[in-house]
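Take a look at this one chain, the form predicted alone, written out in structure tokens.
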Amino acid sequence: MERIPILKMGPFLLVTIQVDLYDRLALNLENDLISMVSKTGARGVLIDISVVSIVDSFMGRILGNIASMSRIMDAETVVVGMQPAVAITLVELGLTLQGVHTALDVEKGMELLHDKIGLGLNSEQEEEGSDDSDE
């Protein structure tokens, strides 16, 4: 059975969807992702959909479900890399993706996740900088 890899990166889970999702694969991703949030105690989920060129109402609902379930489990969800055609389709379908934060790319998505859980990247960099000056 085909699965989409879920990587743990610090307090976050990273999912890069490299194929167009069909219904069974999307449902597996939803189940696997929520299980991983529970198992790892992840505080955020970043989903990169930059390769996804087709989206339908089912896929939109799956993204919303992932965000809702993750939030209940104290994790934020950010979707990054949305192509313009996908965004247009989601709006035309009337899907608002409640609870899903979006960012243009992975870097901005990680910054957003850090901000959402109170681990600002700038404060970490400042701390690292202050550590260097103490040495």
Partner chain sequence: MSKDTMPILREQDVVPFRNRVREYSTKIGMSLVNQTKLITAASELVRNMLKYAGGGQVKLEIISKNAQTGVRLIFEDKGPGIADIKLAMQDGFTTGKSLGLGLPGAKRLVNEFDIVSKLSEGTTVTITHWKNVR
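Note that the coordinates shown come from a computational prediction; the quantities given were computed from them, not determined experimentally. Numbering follows the first chain given and starts at 1.
Below, we turn to the form predicted in complex with the partner chain, even though it does not appear here.
Contact between Asn28 and the partner chain in the predicted bound form is not found at the 4.5 Å heavy atom cutoff. Contact annotation for Leu93: at least one heavy atom lies within 4.5 Å of the partner chain in the predicted bound form. Within 4.5 Å of some heavy atom of the partner chain in the predicted bound form lies at least one heavy atom of Leu21. Contact annotation for Leu104: none of its heavy atoms lies within 4.5 Å of the partner chain in the predicted bound form.
Only one of the listed residues (Ser50, Ser68, Thr40, Thr89) places a non-hydrogen atom within 4.5 angstroms of the partner chain in the predicted bound form, and that residue is Thr89.
Note that among 32-40, 74-82, 104-112, 56-64, the stretch whose heavy atoms approach the partner chain to within 4.5 Å in the predicted bound form is 56-64.
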